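First, one chain by itself in structure tokens, the form predicted on its own.
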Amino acid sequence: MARILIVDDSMMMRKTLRTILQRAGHIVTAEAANGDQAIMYYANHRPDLVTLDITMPGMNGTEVIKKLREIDPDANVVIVSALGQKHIIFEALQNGAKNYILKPITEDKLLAVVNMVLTHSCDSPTPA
């Protein structure tokens, strides 16, 4: 299974994502509460995939994606976002995010998108 970095400023959301991903057999290598931590943890752990909240204090998700892509142009990033942030999601996809999931998330939606991105069978981003 995959090694995954969870990035979200909400501790509750990080816990939810961790529970779902671990139950599916994935390994959560680290959890970051902000963009700076995300970049540091990515550089240290080189996960197979990153789940990334788009709206966080300080550096937003789009800025994080740009920095992650400097470290690794092939970084697999899945945006986790609320519906009202369509313009930010679009910007994140233009900057290299592989797909996105709209909150509220469900286990089925999360795992479907994660598995799709990990198997590289996702030709174009589609909402889950």
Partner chain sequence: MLDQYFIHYLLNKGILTHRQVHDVLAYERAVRVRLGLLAINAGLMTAAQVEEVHRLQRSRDKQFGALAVEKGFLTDEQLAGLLETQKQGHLPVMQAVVDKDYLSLEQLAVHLAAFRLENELTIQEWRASQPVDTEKIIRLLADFSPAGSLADTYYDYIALLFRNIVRFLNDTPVILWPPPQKDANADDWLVTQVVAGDVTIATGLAMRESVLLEVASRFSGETIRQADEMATDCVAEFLNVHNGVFGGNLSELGIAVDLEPQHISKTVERNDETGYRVAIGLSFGRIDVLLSVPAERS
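Values in this document were obtained by computation on a predicted structure and should not be read as measured data. Residue numbers count along the first chain shown, from 1.
Just so it is clear, the following notes concern the form predicted together with its partner chain, a form of the same protein that is not shown.
If you check its partner chain in the predicted complex, you find a heavy atom from every one of M11, M56 and P104 within 4.5 Å. Put simply, R69 is far from its partner chain in the predicted complex: not one heavy atom of it is within 4.5 Å. Remark: A82 counts among the residues lining its partner chain in the predicted complex, judged by a heavy atom distance of 4.5 Å or less. When contacts are judged by a 4.5 Å heavy atom cut-off, I88 counts as touching its partner chain in the predicted complex.
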